[in-house]
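Next up is one chain by itself, shown in structure tokens, the form predicted alone.
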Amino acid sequence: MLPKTMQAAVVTAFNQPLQLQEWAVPRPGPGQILVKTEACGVCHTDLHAAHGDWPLKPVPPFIPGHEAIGRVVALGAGVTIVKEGDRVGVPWLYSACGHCEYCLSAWETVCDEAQFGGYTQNGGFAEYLLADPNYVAHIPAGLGAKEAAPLICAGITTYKGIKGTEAKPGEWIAISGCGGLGHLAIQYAKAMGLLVCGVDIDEGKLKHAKHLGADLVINASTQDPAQVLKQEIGGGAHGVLITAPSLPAFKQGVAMTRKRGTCALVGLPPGSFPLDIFNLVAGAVTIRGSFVGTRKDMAEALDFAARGMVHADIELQPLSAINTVFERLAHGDVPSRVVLDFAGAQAGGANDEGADTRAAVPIFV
């Protein structure tokens, strides 16, 4: 028997604290499933959504969250590809049309009719959420909900971005930004046989990058990354992945790219950045946008984790701490990935935005 109401963290207006509210538990219609949330990662995109930062804005009130993992508890009419009890993830790519030129060529992420979890559809900052069974992530056996949550956004985004650089085993890739996305990118790159250079301005993150296997690290606040790479490896990196939401990082990332190399962009800072047209043309450099990943990319990214080759560093927090978590995200005070734990007790009352739960022990898996 499903409950009638659920707790959810809701954006009621842009640039305002999220409100913890009681909402009706949705019932799945035809072709839909209902998922009981076990864990949901918190992504910087959720903060952008809550602030209405991007040209295509969500419409308040809405529930953010696009790294939700949970069990299927109800099926709408006609659903056959998942069953009750399956553990699934409800990612950023909520659904797509399935019949346009992009969907038919396995590029559903750029479908003009795509819907996005926690943005155009209510997401995982709630105890229950609806999902399209054709687009959920299937979580491999042995991979827990909390561990899987960051992988269905940060994991697939970095994995797809690395593939987009077309760097080959034994070649160099530079990862710009070694935090929430970057620490996963380093692990995926090493698992894919690449030599890795981690670039950041935080010594703690660079130290962790070395621990994760980075072959070279550069502090961009004290060194010129492009110059160091040219000195250390005889040229720029064959591939560059920019995860940092920083315009200076974008400029540095392009400069770090080797002739005939590819710089993949996954960070989304506001504004635009100038390009050195002459050197891009003369060096035959490719700049490529990379937007999350397809369902095939999702299966591949999760498989690396299921085989123990990639682990997300996670810090568990209750849903009631979401405004504190957002404040930390805005100030760069989240070293890896925060995961909202729906299996634990929900501490605090409604709109408990002042609670400081950083005393909770971070869990590294």
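Numbering starts at 1 and follows the sequence shown. All values reported here derive from a predicted model rather than from experimental measurement.
Omitted from view is the form predicted together with nicotinamide-adenine-dinucleotide (NAD), to which the following refers.
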In the predicted bound form, the one of L93, A189, A244, A137 near nicotinamide-adenine-dinucleotide (NAD) [non-hydrogen atom within 4.5 angstroms]: A244
Of Q32, T324, T45, Q317, the one that lies within 4.5 Å of nicotinamide-adenine-dinucleotide (NAD) in the predicted bound form (heavy atoms): T45
Region of this chain that lies against nicotinamide-adenine-dinucleotide (NAD) in the predicted bound form, out of 23-31, 328-336, 294-302, 56-64 [heavy atom, 4.5 Å]: 328-336
Complete contact of C153, T157 and L268 with nicotinamide-adenine-dinucleotide (NAD) in the predicted bound form (any heavy atom, 4.5 Å): yes
Heavy atom of L195 within 4.5 Å of nicotinamide-adenine-dinucleotide (NAD) in the predicted bound form: no
4.5 Å heavy atom contact, G236 to nicotinamide-adenine-dinucleotide (NAD) in the predicted bound form: no
D86 within 4.5 Å of nicotinamide-adenine-dinucleotide (NAD) in the predicted bound form, heavy atoms: no
is_contact(A214, nicotinamide-adenine-dinucleotide (NAD)) in the predicted bound form, heavy atom dist at most 4.5 Å: no
Interface residues of 195-219 toward nicotinamide-adenine-dinucleotide (NAD), as seen in the predicted bound form [heavy atoms, 4.5 Å]: V199, D200, I201, D202, K205
